[in-house]
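Below you'll find only one chain, the form predicted alone, shown as structure tokens.
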Amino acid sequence: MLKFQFILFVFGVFIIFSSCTKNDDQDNEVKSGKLVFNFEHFANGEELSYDQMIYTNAAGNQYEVSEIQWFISDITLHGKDGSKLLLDPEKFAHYIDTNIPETFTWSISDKIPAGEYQSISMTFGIRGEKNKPYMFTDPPESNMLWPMNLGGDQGGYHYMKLNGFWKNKDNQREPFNFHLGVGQERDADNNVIGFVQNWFETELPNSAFSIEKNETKSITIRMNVDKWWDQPNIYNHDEHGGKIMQNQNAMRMGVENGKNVFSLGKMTSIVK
């Protein structure tokens, strides 16, 4: 009899524990939402037009853009209490390609705790410790591999390929490959003696937001292409030429300007 009562007791405790666990899971589910990031490309305050020589940068170069491929990684939400929430740590990086519209959306797999967030930060490119060669085996991401002779094991993948044309000082249409990635330190004989990590973290201006239970929030991140050549450095294609992967000075200027390139577009929500 005592044995039977003990079995009933244990069974009852198990039922109560299972019920509490289920209720806790449901409660956590109710108190969370989802995030979707969208990406767009602008120039001079308007949606970017491709393959048209209609833009002029701060240095006076007339230019056009053919395509842009780039990586964003380590999107982080900053709470008002100083807390940080790194999104999608398993995937951690997303590839955007202006030739592939489906890459313009990144649906975050994490459940986002409901509440208010002070800001959003992101890494342009991929951090050095994560930017490993050959981690992407399939195109289009695999096509972003940075040459081993220019970055070694620290090189990994391009942060960005921004390709187009400009009118040079002789008024000739000339191609440019504004490619950003790991730079090289060179000695007096132009031998590579070290590498420079050019990825950077940036906080999106005016990116405070709140998310409610069961809400899906859609947030648009905008690349303002003209600002790559604007401030704090006036970048001149005539000075740096069409290819800069071995020109750390040109890449440094681009990186410093890049911290002003990104802004927030539309933010919309759907409550189920």
Partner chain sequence: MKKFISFGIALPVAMILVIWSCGTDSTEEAEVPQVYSFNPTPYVIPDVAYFPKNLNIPSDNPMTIEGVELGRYLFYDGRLSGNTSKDMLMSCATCHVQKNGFEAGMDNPRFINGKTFGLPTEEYPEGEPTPNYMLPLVNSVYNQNGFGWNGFINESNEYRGNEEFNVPATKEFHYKNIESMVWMSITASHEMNSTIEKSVAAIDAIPMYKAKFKAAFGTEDVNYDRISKSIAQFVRSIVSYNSKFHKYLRQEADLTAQEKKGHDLFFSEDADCFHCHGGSVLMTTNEYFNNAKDKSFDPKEKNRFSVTGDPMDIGAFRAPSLINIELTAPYMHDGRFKTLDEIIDFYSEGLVYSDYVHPLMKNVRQKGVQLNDDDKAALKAFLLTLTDNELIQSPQYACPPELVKWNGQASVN
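Owing to the predicted nature of the structure, the values given are computational and were not obtained by experimental measurement. Positions refer to the first chain, counted from 1.
Beyond what is shown, the protein has a form predicted in complex with the partner chain; the following relates to that form.
Give me the residue from 114, 196, 86, 145 that has a heavy atom within 4.5 Å of the partner chain in the predicted complex.
Contact residue from the list: 145.
Is it true that 92, 94 and 153 each have at least one non-hydrogen atom within 4.5 Å of the partner chain in the predicted complex? No, none of 92, 94 and 153 comes within 4.5 Å of the partner chain in the predicted complex.
Heavy atoms within 4.5 Å of the partner chain in the predicted complex: does residue 246 have any?
-> Yes - in the predicted complex, heavy atoms of residue 246 and the partner chain come within 4.5 Å of each other.
Q) Does the partner chain get within 4.5 angstroms of any non-hydrogen atom of residue 173 in the predicted complex? A) Residue 173 belongs to the contact set for the partner chain.
* Asked: Is residue 164 a contact residue for the partner chain in the predicted complex, using a 4.5 Å heavy atom cut-off?
  -> Yes, residue 164 lies within 4.5 Å of the partner chain in the predicted complex.
Exercise for review: Indicate whether the partner chain has at least one heavy atom within 4.5 Å of a heavy atom of residue 81 in the predicted complex.
Suggested key: Contact check for residue 81: no, nothing within 4.5 Å of the partner chain in the predicted complex.
**Study point:** Per-stretch contact check against the partner chain in the predicted complex, the hit in 196 to 204, 130 to 138, 117 to 125, 103 to 111 (non-hydrogen atom, 4.5 angstroms)
**Key:** Going by heavy atoms within 4.5 Å, the stretch is 130 to 138.
Residues of 62 to 86 having any heavy atom within 4.5 Å of the partner chain in the predicted complex, listed in sequence order: Sequence-ordered list: 66, 67.
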